[in-house]
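To begin, one chain is listed below as structure tokens, in the form predicted alone.
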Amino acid sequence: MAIEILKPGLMTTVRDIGRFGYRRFGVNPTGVMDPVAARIANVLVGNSDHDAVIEANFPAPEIRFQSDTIFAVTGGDFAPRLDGAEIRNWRTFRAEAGSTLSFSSKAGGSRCYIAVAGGFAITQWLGSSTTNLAASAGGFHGRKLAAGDVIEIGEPGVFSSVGVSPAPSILPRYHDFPTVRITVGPEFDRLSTASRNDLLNSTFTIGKNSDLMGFRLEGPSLTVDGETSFLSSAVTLGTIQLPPGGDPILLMSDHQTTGGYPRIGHVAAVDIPLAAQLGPSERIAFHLVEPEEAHKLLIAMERDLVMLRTACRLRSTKRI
């Protein structure tokens, strides 16, 4: 059982939810940009949260299934097609051996996720299947996927079936101009009064030189009182740093493990998918919440994912 990459697309990699436990050695998690979309994809096909998925930007890849396979596409809507027929995001389908999955247009979002029942059989590096492009390690030979690559598929579990989809209420509410919730960062109080107001009441645009490491935000120039450089401190997915130039950087999946810029905020985990689906020139705004509220939102999201997994297992039958 395997898939073959016929066309690689712009940026297509094998990833999972992250490589954890190695930050003290300078190895960052480099997981998927949109953890919720990737996890839902795996839940729908009966995999574990940690199974590898394919993360694709647009133009997206063209993939041939070499065996009968149950699969799901989640995240950004790139108008997926199975053998030329339109199919839906957030739903399981069966591809017969020789069938082709393609994507015709970008209807919304910037990244989609492809999961297959049984997961992709990827040799793990430091306990994870995710691709670390900077280290040329993990994933599929440590690189982006290329035409002709063949990726083996594991044995499907008992909880995989066709026609499974989540309730709309559990799906991230993507938008090309979202307001995402943030909590204060350790150096938030160092912001000038005017800059605090600008951070929370202004619109920022994703700069064209943004990448998987971080989104450079263009908008009002922010300033801090006193020194703008600090001893390097821990950062993570969703940390908002403020370099001396005054344009904030929102750290994304391939972020560094530490940084020496003021950490003025942190995106609530529940809203990471909204930021992850943005692309250059799209806009974002921030709304401040207390850490307790961010925790409650995260707990509610995790409860919904547990309920989805339970519902999928009740619905599913043995394999294909």
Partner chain sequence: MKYPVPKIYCLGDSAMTIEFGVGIDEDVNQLAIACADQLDKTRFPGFIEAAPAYASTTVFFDPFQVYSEIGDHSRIRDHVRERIMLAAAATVETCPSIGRSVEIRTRFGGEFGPDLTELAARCGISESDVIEAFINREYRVFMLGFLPGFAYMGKVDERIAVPRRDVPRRSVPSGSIGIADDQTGIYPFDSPGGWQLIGRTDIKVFDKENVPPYFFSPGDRVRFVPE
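Since we're looking at a predicted model, the values are computed, not measured. Numbering follows the first chain given and starts at 1.
The same protein also has a form predicted in complex with its partner chain, omitted here; what follows describes it.
In terms of contact with its partner chain in the predicted bound form, the residue from S202, S233, S192, S221 that brings a heavy atom within 4.5 Å is S233. Proximity to its partner chain in the predicted bound form, defined as a heavy atom within 4.5 Å, singles out one entry of A134, A121, V162, I87, which is A134. Screening 278-286, 52-60, 65-73, 249-257 for residues having heavy atoms within 4.5 Å of its partner chain in the predicted bound form returns a single hit, 249-257.
P186 belongs to the set of residues with a heavy atom inside 4.5 Å of its partner chain in the predicted bound form. At a distance threshold of 4.5 angstroms between non-hydrogen atoms, L126 is in contact with its partner chain in the predicted bound form.
Not displayed here, its partner chain is kept clear of L274 by more than 4.5 Å at the level of heavy atoms in the predicted bound form. Within this chain, L10 is remote from the site of its partner chain in the predicted bound form, having no heavy atom within 4.5 Å. Taking its partner chain as positioned in the predicted bound form, the residues of 23-59 that bring a heavy atom within 4.5 Å of it are, in sequence order, R23, R24, F25, G26, V27.
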